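Starting off, we have a lone chain in the form predicted on its own, written out as structure tokens.
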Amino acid sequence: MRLSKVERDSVVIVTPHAKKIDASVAVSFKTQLLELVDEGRAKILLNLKEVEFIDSSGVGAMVSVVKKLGTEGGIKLFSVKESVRSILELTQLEKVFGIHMSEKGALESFNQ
């Protein structure tokens, strides 16, 4: 899975370039996110503008990263399509990740 990364202050903004985050890419997705954590990046902002579908494997990858981060940081999401948002709401994980309308709002949420 191809991810682009941009750093803003102490936050790394990650954009997955895929329509689906499912079992076929979840391991690669998780590995790349965990590499960021291993490099000391504790605040990860996921730009999901291209993602139209996420399954339990994709959600599980994100949960694994949050668990590894512990209280040191977190994952926030923005530009989340309704189909992805509904999965996160169904599993009640929107509270774990924090879904924001804009990049600016998501960045500011790390400082609250």
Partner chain sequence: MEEVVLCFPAKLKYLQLATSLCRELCANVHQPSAILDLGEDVELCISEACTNAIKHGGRETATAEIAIRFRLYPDKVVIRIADHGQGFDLESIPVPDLNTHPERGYGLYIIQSKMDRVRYVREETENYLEMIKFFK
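Numbering follows the first chain given and starts at 1. Note that this is a predicted model, so its numbers are computed, not measured.
The protein also exists as the form predicted together with its partner chain; that form is not presented, and the subsequent description refers to it.
Taking the partner from elsewhere, Lys20 is found to have a heavy atom lying within 4.5 Å of its partner chain in the predicted bound form. Taking the partner from the other structure, its partner chain in the predicted bound form has no heavy atom within 4.5 Å of any heavy atom of Ser28. Contact annotation: Asp55 falls within 4.5 Å of its partner chain in the predicted bound form, judged by heavy atom distances. Mapping the unseen interface onto this chain, Ser102 falls outside it, with no heavy atom inside 4.5 Å of its partner chain in the predicted bound form. The contact with its partner chain in the predicted bound form, taken as any heavy atom within 4.5 Å, belongs to Val63 out of Ile75, Val63, Val51, Val37. Residues of 72 to 86 placing a heavy atom within 4.5 Å of its partner chain in the predicted bound form, in sequence order: Ser83, Ser86.
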